[in-house]
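Just the one chain here, laid out as structure tokens, in the form predicted alone.
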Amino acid sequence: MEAPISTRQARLRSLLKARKLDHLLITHIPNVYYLTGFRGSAGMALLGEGDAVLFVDPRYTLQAKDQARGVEVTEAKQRLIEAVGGWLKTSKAKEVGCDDSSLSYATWRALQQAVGRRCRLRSAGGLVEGMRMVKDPFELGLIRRAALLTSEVFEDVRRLVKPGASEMDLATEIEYRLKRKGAEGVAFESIVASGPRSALPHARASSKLLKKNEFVIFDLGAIISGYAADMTRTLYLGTPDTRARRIYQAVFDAEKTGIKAVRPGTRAGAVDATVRRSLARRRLDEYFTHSTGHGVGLEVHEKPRLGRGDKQRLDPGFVVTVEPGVYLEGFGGVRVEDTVAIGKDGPEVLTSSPKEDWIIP
């Protein structure tokens, strides 16, 4: 199955027409890939009612001609933004939207200078990101594969978790095995944090050696054909005491509650509130220091955000994480996270690694 590039472009053109925009300038590379299929690290696209142009520098001309669909590939002889401005200056475009959420002020100014008074530049930030929130079957298939691979690799590496193993060695092993099994890359720098360091939500793996009677957090994700998965599991080395068991059970229950709440029509902020209420019943909500989740797709963190008060309604086709955590300074932390697809009938958990088997005696 190929990415439905033509369908996406047609949908964007409808949105542009509704906003009375002649063209949209796309500069954010994930958005360029989403709308053209081009996977290089530099390029800009202009899409309008009768035009679709991909501007690349000479490094990417052959790659763009091979990968891009539904666009005319133009090799820029100068800076990309100057090539775009020159094209617009000779076009019939009057109103041009710019994805200013990813466009620097300096680039905006350069584009204004290039087009002069020929056309008016307008803010259209988040237009493509809004489209990307609803995943099509092609995208869902890739995210499922990424989630499956992520789960498989964690189960492989779990066998290596023992006292004396270093966080860095385990993180390296995760990333090696992800690529060895078919991932084109990792969605982010893999997290392995143990003991008191597990209370750092975004801890980097260190040279610290794992010890008995402490938590170990693993946060990992594979990329398959540009699409990411995201999963966190927490293990305990040794025999957990009452406090450790209480904390793990509280986070585990909060995640289950949050996943059940991820349904069509629910507001993103309501999912976050549901998770916090679950932790509040155990008097642990004050130790949950980040949002409940985020969208996953071409970027490991994208819209929507499952955070306090977020009004975004969840729709079928959204893929999000649910990742409550409790972090206690000097003691350690617990986080459990899954990548979840929202279907018409409710949530589908894509990351399949078990969460009940969390103790390594």
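Bear in mind the structure is a predicted one, so any value in this text is a computation, not a measurement. Each residue number is its position in the shown sequence, starting from 1.
Another form exists, predicted in complex with a further copy of the same chain; not displayed. Remarks below refer to it.
Engineer: Verify the flagged residues 138, 161 and 272 against a further copy of the same chain in the model of the complex: is each one within 4.5 Å by a non-hydrogen atom?
Structural biologist: Checking in the model of the complex: none of 138, 161 and 272 is within 4.5 Å of a further copy of the same chain.
Engineer: Tell me which stretch of 198-206, 85-93, 236-244, 253-261 has a heavy atom within 4.5 angstroms of a further copy of the same chain in the model of the complex.
Structural biologist: Residues of 198-206 come within 4.5 Å of the partner.
Engineer: Heavy atom within 4.5 Å of a further copy of the same chain in the model of the complex: which of 103, 157, 71, 76?
Structural biologist: Only one listed residue qualifies here, and that residue is 103.
Engineer: Of these, 249, 266, 213, 123, which has a heavy atom no more than 4.5 Å from a further copy of the same chain in the model of the complex?
Structural biologist: Result of the distance check: 123.
Engineer: In the model of the complex, is there a heavy atom of a further copy of the same chain that lies within 4.5 Å of any heavy atom of residue 129, even though the partner is absent here?
Structural biologist: No.
Engineer: Wondering, does residue 39 line up within 4.5 Å of a further copy of the same chain in the model of the complex on heavy atoms?
Structural biologist: Residue 39: contacts a further copy of the same chain in the model of the complex.
Engineer: Is there any non-hydrogen atom of residue 180 lying within 4.5 Å of a further copy of the same chain in the model of the complex?
Structural biologist: Residue 180: yes, in contact with a further copy of the same chain in the model of the complex.
Engineer: Check residue 285 for me: does it contact a further copy of the same chain in the model of the complex (non-hydrogen atoms, 4.5 angstroms)?
Structural biologist: Close contact is absent here: in the model of the complex, residue 285 is far from a further copy of the same chain, nothing within 4.5 Å, heavy atoms only.
Engineer: Using a 4.5 Å heavy atom cutoff, which residues in 318-345 contact a further copy of the same chain in the model of the complex? It's fine if the answer is none.
Structural biologist: Heavy-atom contacts within 4.5 Å come from 329 alone.
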